[in-house]
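Listed next as structure tokens is one chain, alone, in the form predicted alone.
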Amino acid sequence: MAVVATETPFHVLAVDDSLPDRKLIERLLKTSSFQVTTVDSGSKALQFLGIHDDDASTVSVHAHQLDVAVNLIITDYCMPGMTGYDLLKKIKESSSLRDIPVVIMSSENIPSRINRCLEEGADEFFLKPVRLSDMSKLKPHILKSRCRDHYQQEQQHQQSDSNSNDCSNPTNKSSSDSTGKRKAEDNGEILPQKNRPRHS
């Protein structure tokens, strides 16, 4: 039998306090070939991601040691305790997690709420009930995030390269400067000195 190499499925963390809604989003995501982890609260999502609920700035290495990195987070807006908006803010405040795309879901179509989430950094806002057609909107956000990561890595490489070039530039500049000075001396300063003995 021929072994067909398959791509690792994108991993989505789904957060919803409603069991029926959680089951629905899990089924839709799996149907769309996503790997899914579900939790029932924002605090459990933060624990899974390695952030302590009481201190968003404290990030453990757990987030980087997950078996499969989280590629996208989809969360309900209205949840007891920590809302989806609160979860979004905690994620965007974390230096190690802020680049993970976040999608907010809500059964209420309130423009001010939608705008507030998008301004805080949400990549998409779905109205419930979430449909299978909505799942096709997730992958572009994941791919865009990956391209951004790749671009940042390229920028870092270019900066390190330019830094090494900067180190060598001063010597080149000084040598060119000294060469220029020698030419100037030949043209203006050394010739009169050669002529002085003739006049004396």
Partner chain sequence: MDYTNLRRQIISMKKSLFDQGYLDEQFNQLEELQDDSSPNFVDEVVALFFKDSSRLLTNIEQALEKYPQDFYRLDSLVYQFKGSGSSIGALRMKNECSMFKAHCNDRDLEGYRTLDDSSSIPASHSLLEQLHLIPWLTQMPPVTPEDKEGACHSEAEAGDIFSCKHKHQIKGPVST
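Everything numeric in this text was worked out from a predicted model, so none of it was measured. Residue numbers count along the first chain shown, from 1.
As for the form predicted in complex with the partner chain, it is not shown, yet the points below apply to it.
- The partner is absent here; in the predicted bound form, the one residue of Leu28, Val39, Leu138, Leu49 having a heavy atom within 4.5 Å of the partner chain is Leu28.
- Contact between Gly121 and the partner chain in the predicted bound form is not found at the 4.5 Å heavy atom cutoff.
- Contact annotation: Leu132 falls within 4.5 Å of the partner chain in the predicted bound form, judged by heavy atom distances.
- Although the partner is absent here, Lys23 is a contact residue: one of its heavy atoms lies within 4.5 angstroms of the partner chain in the predicted bound form.
- Heavy atoms of Cys78 reach within 4.5 Å of the partner chain in the predicted bound form, making it an interface residue.
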